[in-house]
Structure formats: structure tokens, C-alpha cells
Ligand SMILES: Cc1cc2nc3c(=O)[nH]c(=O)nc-3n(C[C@H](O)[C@H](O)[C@H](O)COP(=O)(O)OP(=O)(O)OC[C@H]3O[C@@H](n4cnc5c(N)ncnc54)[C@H](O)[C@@H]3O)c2cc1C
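So this first bit is one chain, no partners, the form predicted alone, shown in C-alpha cells.
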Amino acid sequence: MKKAILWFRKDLRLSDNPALNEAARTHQLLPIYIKSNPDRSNIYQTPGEASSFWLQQSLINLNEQMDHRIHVIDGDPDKIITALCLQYQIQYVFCNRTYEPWQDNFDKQLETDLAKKNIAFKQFENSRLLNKKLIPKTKQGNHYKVFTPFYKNYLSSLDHHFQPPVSQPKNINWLTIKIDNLTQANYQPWQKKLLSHWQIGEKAAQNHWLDFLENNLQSYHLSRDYPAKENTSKIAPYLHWGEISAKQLYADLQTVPNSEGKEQFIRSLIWREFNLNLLNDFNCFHFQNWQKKFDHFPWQADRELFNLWKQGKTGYPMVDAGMRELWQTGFMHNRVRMITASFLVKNLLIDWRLGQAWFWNCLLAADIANNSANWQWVAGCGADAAPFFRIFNPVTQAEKFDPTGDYIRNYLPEIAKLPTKYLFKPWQAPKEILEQADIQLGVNYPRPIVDLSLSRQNALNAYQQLSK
């Protein structure tokens, strides 16, 4: 049989893996994963701390599935792949495409370099619902910049062109090189906390998804905004690292009855596709404003306020609970993400890029397209973004979406004894109520770091000046 490298990237699974399926037909395979040398000037070329932890665990799980055959190497992919091809007389390199702009550029160069050595570079679509050639465009031939028409036309394309996922190959002929270069690391305390919240790997992804599909999908639209309810899918880390494919999610959704919950979840999947398109059109999406007028916005460089926000010490319980959830679990509920992001960008007037970088470091599913698009959406500077003057009030949002205070009490035990009436705004509680709840404002729970009304008006004034 011909020999080929199977280069795993964000496709850490054996089922519905197009590169694996094609390569396994007629090739003997050397599976590898390369931890690339990043460009230190671009933090987004390497996973954040939480995401790196997930990656390591996922590779360990995949390696066990494959009888310890994955060769994990640190270094320059071009040099590593070329050296392996020479060492093992390999004529083909198979991989699935990823969608970061710098990775696209690298892959094109690698294909050129390998061709000079008579080595074929075979690349496949992996993480999207449709092949990129089938993604709908406007009548002018451009990608959609507004989500609703994109969504409607994407659904139509799925009806006509969706290709179902493929099963894991029954027979895979691996090169007889057994390498055990993946070991469990010594965990830091925060990493141990993450392990208590998640199961990682392809099998865990399948089980997690089936549980959501059977038990939570039908009511997804009703409770997805309420962070105390365990009804979000939490499928994002598995999808990000390719432990399960978007195609499988969509195919499985077609097997269940239609419902508002199902429709809302499909909408979320297509929002992901929309964000990938935006990144494709605007390679600087992760560090430049889509709307150029925001290049002149008067962001405030207040490091102290930024650190208090990161630590969940703003004095606003809904914001603080969200930031604690992020740090403790590597996840934050979507409604709370909007509240915490709005607070940073609008009440503190701190640049969205700083918040994005913190999420990149802390999210297990830190995805360059979604992270960039969602932060620019909240900041009002993205494509089809929420208007800047839409400023989330963390008190009224908490009253509406955490009415019993269960979410806040879970992540802020220091104020858990407060009556719900004062839980969302502890600074308004009478002295005797605070004493009964063992709370000393400014000591074991902070006073508000900004005034909501004043900071809101400051944000609107700044935006008015920008709009002139």
C-alpha cells in the first residue's frame, strides 16, 4: 500500500473524518499531531490555557482509541512533515481544513513546497455543514453581512446539498510505529476543577450530545436564556476540537420531531457558519473593528477596572457570577456572556479586544471566528451588530433571567445568604440584612466599581461624539 501522513488538527475523532476516510481507502497511515510554533505577536495562533488543557486531554483520549499510535511533535509543520515524508518514504499528506486565515496561507505554501518533492497534499472540508462552494451568496456574488437572509438561504442550501456524515472506516492500516509520547500532565488546581465539570474525547462528545438531544432539545428555546437551568447544549468545546462534527449534529437533528427548540439550535449552528464567513472575508476580524468608525472610539485604559472585571469583583453579582463561572468551568452561559461583555465595553469603556483576549485564554471552546464576531456584536462595531446604545443592565437582567438567584448563589457563595430581594443589588440592602447575611461591603464583597446610570450615559456620550 502507498504510505500517507494523516495530519490531525481540529478533527480529533475517527467518525465522520473526511481525511481519514479517504486516506484509509488505499493507504497505510502515519497519524500525527503538530503543536506549531506560534507567532508570538499573535496570541490567537496558539490555544489559550484552558483550550490547551482540553486539547491535551482530547489527544490522550484519541491516542488510546488508536492503540497509542499518534506521533505528537512540537515545531514547524513544514519541516516536520517534510522530514517524516523522507524518513518513511511517504507520498501523500491528508488533512482536514481549518479556517484561521493564517492557517489557510500556511497550507497553500505547504502544498507548494510538498509538490516540489512530488508529495501530494490532500485537504478536505471538515467542520462546516456545507462545502464552502455551496455556501449561499448575495445576488452580487458576495457573502452575506446580515444574518437573517444568510440563515434563510443557508437552510435552503442545506435542503438541497447537505451530505450526511460518514462512519468510521472499518479497516485502518496504520504504519507499524507505536509511539507513546502523550502522558498525563501534573495538573494545576484550576485544571483539576475543569476536569470535575467535563468529560473529554470523542466518546464523551457522542454521549454528551445524545443526552442533550433526548432530554433538553425540545425545551431549548424556553430555558436557554436562564443560566441556572442546565439546558444549554455545552457542545461547543467538542465541536471546536472536532470530537464531534457539525454534520453529525445536523443529521441527528433531522431524526427528531420539529420544535421551536430544534429550530433555535439549528439557528445557533448556522450562526457559527455565518461567523466563519465573516472571518473569511475579513482576516483581521480578531483585532480590527469591522466598522471603521470605531477606530476612533475613546476606549479607557484602566487596568485596575479591567482586572476587577476579570476576577469577578465588580460589585454587580450577575457580572461577577459570570466571570467566576468562566474561570471555574471554562464555560460561560451565553446570556451572561452578553451581560459581562456589555459591562466591560460600555459601562467600563474598555476595549472589546481586551475582553476577547481574556475569553480566549479562559474558554475551553475559544474559537477565533465566534469569539471575534460575538465580541464585536456586543461592542456594536461588527457586521450586523447590536446597536451600541443597547446596554445591558446587569441588575434588571439578573432579575429577569435569574429570578430566584440560583445562578448567582452558586458562583458567589459569599452573598448567598442575602434575600433574593437584595441579591441583585447588595448595596441597597439595609445594614441589619447585610449583617445577618455575613456581608461587609468593601470587605468580603465589593461595592459597585462604577455607577450604572452615570457609566451608561458616559458610553452614550462617547458614541454620540463618534457618530458626528
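One-based numbering along the sequence shown. Remember, predicted model here, so these are calculated numbers, not experimental data.
Omitted here: the form predicted in complex with this ligand. The next part is about that form.
Taken together, the three residues 11, 45 and 99 lack any non-hydrogen atom within 4.5 angstroms of this ligand in the model of the complex. Note on contacts: among 310, 262, 337, 247, the single residue with a heavy atom within 4.5 Å of this ligand in the model of the complex is 337. For the options 316, 94, 241, 375, the residue carrying a heavy atom within 4.5 angstroms of this ligand in the model of the complex is 375. Not displayed here, this ligand is approached by residue 272 to within 4.5 Å at the level of heavy atoms in the model of the complex. Residue contact check for residue 219: none of its heavy atoms lie within 4.5 Å of this ligand in the model of the complex. This ligand is not drawn, but in the model of the complex it has no heavy atom within 4.5 Å of residue 254. Although the partner is absent here, residue 234 is a contact residue: one of its heavy atoms lies within 4.5 angstroms of this ligand in the model of the complex. Residue heavy atoms within 4.5 Å of this ligand in the model of the complex occur in exactly one stretch of 337 to 345, 297 to 305, 138 to 146, 81 to 89, and that stretch is 337 to 345. The partner is not shown here, but in the model of the complex the stretch 358 to 381 reaches within 4.5 angstroms of this ligand through a heavy atom at 359, 363, 365, 366, 367, 370, 371, 374, 375, 378.
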